[in-house]
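What follows is one chain in structure tokens, specifically the form predicted alone.
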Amino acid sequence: MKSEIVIVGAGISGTAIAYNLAIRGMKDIVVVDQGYLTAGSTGRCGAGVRQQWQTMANCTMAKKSIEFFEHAAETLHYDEDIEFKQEGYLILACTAAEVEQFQKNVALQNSLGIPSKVVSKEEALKIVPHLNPDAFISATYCRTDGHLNPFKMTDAYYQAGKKLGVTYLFGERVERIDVEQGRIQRVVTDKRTIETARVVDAAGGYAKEVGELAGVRIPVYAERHEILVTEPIEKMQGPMVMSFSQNLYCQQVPHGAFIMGRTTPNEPHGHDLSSSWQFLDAMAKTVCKFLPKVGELHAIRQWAGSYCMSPDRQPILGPTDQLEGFYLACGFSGHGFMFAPMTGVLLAEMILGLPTTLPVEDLLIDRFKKQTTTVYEKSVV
């Protein structure tokens, strides 16, 4: 079997890259996944999408991606509802340092055309009345942030790509990436050999291991993050409520359940996707503190997924001088879903040698070679 390019990973990033390459005329695109569509991080994510970031690169990636989500079904000719709920993110400032930093964040966001704003405690309580007023000082709010269905959105890219001739190979594990004289020769799975000169590593939590198959060192690691879901109730909350310093995100999804998560301190690196009672206990205490009425609901399930963490909490996109023809789409640090539309566009542009829609210098792997400290994204849970 021969292909122009092999994309490893059939999550939202891999399907978006495949579609964007195909729509620009590339043929013989193969996407390989050891599981099924959305089997990895995409199918386990919280699926919130926001533009309220601290770094310019993340802000612009998110803004352009949300603009795509607003018309995604029409653009991709998808007949089903992707369930895009655009009711904002309310991000709580719980310390004096956060109050000051959020003012700077909003100034940056506004300069880029993102309609975020600083809101007082009183204004925040009008947006989400069941917040505990003693738990925060002020907040920021962006009405165009939101939430959508990760399965439907990925399926939209998948179906559009298939119509353009993309080949998907599910249930196949990549075992080797053969390199000779500095060039990729083939990708060998447990079922076949694919002759190709180009590979995209969009393997999510397994991005580091896929890179190692080709002798490419990527400064990322996988980290377990857990999610808790409640019983569904009548709508009582529009926006996602977040706190960075207090380690919380909580969103009511369209069918009525609340989905929430937090980072577990000192979580070991690795691929453990089990659920822990420690997370359940800490998550319940955190949500009860900030959203007492949500704390009254029954928890019905929890699960875990992998964050692919980068050193500066920004994506690693594009080529690497370690190996010709090897491209990266990893290191999203838990935000690959919300950046996927622009990930697809930028990777396709770089692979095809086209001018990029956004500046990519701050997202290339080469940034970690610089002696100066790279920009660090702190707006992460």
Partner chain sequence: MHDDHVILCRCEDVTLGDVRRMLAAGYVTVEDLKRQLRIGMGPCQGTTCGLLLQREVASFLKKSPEDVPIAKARPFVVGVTLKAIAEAADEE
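Numbering follows the first chain given and starts at 1. Remember, it's a predicted structure, so these values are computed and weren't measured experimentally.
Form predicted together with its partner chain: not shown, discussed below.
Under a 4.5 angstroms non-hydrogen atom cutoff, its partner chain in the model of the complex lacks residue 95 among its neighbouring residues. Remark: residue 37 counts among the residues lining its partner chain in the model of the complex, judged by a heavy atom distance of 4.5 Å or less. Its partner chain in the model of the complex comes within 4.5 Å of a heavy atom belonging to residue 151. Its partner chain is not shown here, but in the model of the complex it comes within 4.5 Å of a heavy atom of residue 158. With the partner omitted here, the stretch from 286-294, 262-270, 87-95, 131-139 that lies within 4.5 Å of its partner chain by heavy atoms in the model of the complex is 286-294. Shown without its partner, this chain lists 110, 120, 75, 275 as candidates; in the model of the complex, only 275 has a non-hydrogen atom within 4.5 angstroms of its partner chain. Only one of 195, 100, 178, 281 lies close to its partner chain in the model of the complex, with a heavy atom inside 4.5 Å, and it is 281.
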